[in-house]
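Only one chain is included here, represented as structure tokens and corresponding to the form predicted alone.
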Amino acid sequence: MNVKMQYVNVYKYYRNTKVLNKFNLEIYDGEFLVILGPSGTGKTTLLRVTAGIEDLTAGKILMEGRDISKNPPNKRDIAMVFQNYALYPNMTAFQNIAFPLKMAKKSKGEIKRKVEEIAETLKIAEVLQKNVTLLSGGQKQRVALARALVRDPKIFLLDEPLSNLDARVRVVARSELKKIQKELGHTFVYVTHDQSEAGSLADRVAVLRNGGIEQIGTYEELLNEPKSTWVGDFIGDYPMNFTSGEYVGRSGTIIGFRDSWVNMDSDTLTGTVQLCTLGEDTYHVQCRLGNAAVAEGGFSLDDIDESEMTQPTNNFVKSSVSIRVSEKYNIGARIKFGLSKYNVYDSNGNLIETVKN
């Protein structure tokens, strides 16, 4: 795939705070890339330095191999859609969309043609003559997107543009946005902290942590094979479960697994893992919960009661584990569930191996 944009050792400091810290990333032509991360990890700052709204502290940003790091915003051929839409309240929807074309000194005929074409694509033709203050949140979002699209830039930057919409409208808008991107074939870089958006929109997801990329891949890759325990804990509706264990003679190894192989329902049973080891030859996880016997290849729960089971045993390591089941079990019932897949991490939290039984 052709590289559309590349960040090379990018740094951004605010006084003594490193917001972007040796940031490196390649964005491919025509892809929908989502930058995902918790608040305060530098997502919006990344877009702002890309658009030229803020200067880099160090490093380079390349567009199709050309360094644009020192170019002013209007010379970067990049359009940005802001979280609050940044529409001009004294203008109609038509005037807002037409504004960048007017600044580029396009003819009135060309402006009218392009605005009407993009309005038809985004299904906002009927509101073009309305003042934007009279539009709904979904309509304002489309006007802001249309204003970016009408310029036909090389890259679109979107800073959580759906966050101000209610939940139902947001789901519909996500679907429409993805469809528009695929139809136009443009490169989109979308910032969000919402994993549902990342999973539904992205060709690839770049997980941002401490100003750098912790892992990049499809959402399914991040979910199933997180490269670090931090990603495993962060990605997914439920964090990955972790227990301490041993792996081929190494001590301090962490074993991580998800509950996606369990039929999920509203009922949740919890116990306390007392021991977890990984056999060198069989590669079976063996765990003890409370006074239950070790079950080969899975967990076994005995004598469930309402209190946590915390009796220590020699060399046992305590850790919490949640089990989601499709049937409701009474207190005192015996259940068993198996691990069909799990990941093994070293003591620094880095992935060693993904094991499938």
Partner chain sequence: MPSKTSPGIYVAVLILAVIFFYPLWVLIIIAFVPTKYTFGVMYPIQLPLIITLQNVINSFREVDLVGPMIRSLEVAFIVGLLALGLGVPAGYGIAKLTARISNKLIAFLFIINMMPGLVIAIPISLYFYSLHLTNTVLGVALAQELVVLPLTVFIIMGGFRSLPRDLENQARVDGASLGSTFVRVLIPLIRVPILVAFILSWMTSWDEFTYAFIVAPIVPTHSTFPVTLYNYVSRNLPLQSATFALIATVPIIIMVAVFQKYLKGQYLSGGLVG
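Not measured: the values here are computed from a predicted model. Numbering follows the first chain given and starts at 1.
Omitted here: the form predicted together with its partner chain. The next part is about that form.
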Exercise for the section: Consider the chain as shown here, without its partner, and state which of S136, S175, N84, T218 has a heavy atom within 4.5 Å of its partner chain in the predicted bound form. Expected result: N84
Fill in the blank from the handout: Only one of 164-172, 183-191, 219-227, 147-155 has residues with a heavy atom within 4.5 Å of its partner chain in the predicted bound form, and that stretch is 147-155
Exercise for the section: Look up in the predicted bound form whether K102 has a non-hydrogen atom within 4.5 angstroms of its partner chain, and give yes or no. Expected result: yes
Problem - Proximity of I27 to its partner chain in the predicted bound form, heavy atoms at 4.5 Å - result: no
Practice task
Considering only heavy atoms, tell me if Y238 and its partner chain come within 4.5 Å of each other in the predicted bound form.
Solution key: no
Handout entry: Distance check, P72 to its partner chain in the predicted bound form, heavy atom within 4.5 Å
Key = yes
Problem - Triple contact flag R204, I213 and I255 to its partner chain in the predicted bound form, non-hydrogen atom at 4.5 angstroms - result: no
Handout entry: Any residue of 79-97 that, in the predicted bound form, places a heavy atom within 4.5 Å of its partner chain
Key = A79, M80, F82, N84, Y85, A86, L87, Y88, P89, N90, M91
